[in-house]
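Here's a solo chain for you in structure tokens, the form predicted alone.
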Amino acid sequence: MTSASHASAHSPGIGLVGFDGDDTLWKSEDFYRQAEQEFESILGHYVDLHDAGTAQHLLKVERRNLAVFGYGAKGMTLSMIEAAIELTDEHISAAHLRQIVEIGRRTLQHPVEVIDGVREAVSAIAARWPVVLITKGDLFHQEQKIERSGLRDLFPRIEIVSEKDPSTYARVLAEFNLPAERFVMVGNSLRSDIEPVLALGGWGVHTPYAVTWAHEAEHGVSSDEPRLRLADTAWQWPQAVAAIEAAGR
């Protein structure tokens, strides 16, 4: 566990750099998109996919269930089952429901592929500043992905949270005894990784991923936000953080 003294509020410059997990350090959304395609293939036995608005209906159900099931493959699977029952007027077969469960199982067991440049970039940043991994989702699944990623050794402190909002980040920063203006969060989601940190007065480094869940695509971050930096790849993270520190002095 990182000592709070490493990120003392009385030291100049950046005191802590946070990293998101899914689609920032390793690939994730690709497997959820594949799961959605398999789900639609099953529903195609019962409904016209275009007329039924299958993807939109699933998203609606997932959002409705976030407060109950949380984020991750388990919540997605339960929402798929619920959406399938609704869209087919309860006519979906037990065999097809079993296939949906198997979709969820495969998603939970997907391989963890670290994104190019991540290990090198995080290592370079950790050599200069304290780092923390702040990842959102199902505890068991996130723990598995962290272990399979081979990146655990880079992070003295790991936070697995159910939601990423200002109160969550404020709690983490309080444990480090660090004001928000000395915190930088690196992530692919403007909604979860960047916007809450900016709201607290912190900094963000945004690295977009090739695919984004529709729920995460909705945000209120302006493209000309002065506390936001864009890094196209992980290789650019050390320079982005260094530039933020220089700008903050």
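Just count from 1 along the sequence shown to find any residue number. Computed from a prediction, not measured in an experiment: that's the story for all the values here.
If you look for the form predicted together with a further copy of the same chain, you will not find it shown, but the lines that follow are about it.
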item	value
In the predicted bound form, segment of 65-73, 23-31, 37-45, 195-203 with a heavy atom within 4.5 Å of a further copy of the same chain	65-73
All of Ala55, Leu59 and Leu133 with a heavy atom within 4.5 Å of a further copy of the same chain in the predicted bound form	no
Distance check, Glu90 to a further copy of the same chain in the predicted bound form, heavy atom within 4.5 Å	yes
4.5 Å heavy atom contact, Ala174 to a further copy of the same chain in the predicted bound form	no
Partner proximity in the predicted bound form: Glu102 to a further copy of the same chain, non-hydrogen atom cutoff 4.5 Å	yes
Contact test in the predicted bound form: Ser167 vs a further copy of the same chain, heavy atoms, 4.5 Å	no
Contact residue in the predicted bound form, chosen from Ala124, Ile81, Val114, Leu154 - any heavy atom within 4.5 Å of a further copy of the same chain	Ile81
Heavy atom contacts to a further copy of the same chain in the predicted bound form at 4.5 Å, residues of 127-145 in sequence order	Gly137, Asp138, Leu139, Phe140, Glu143, Gln144
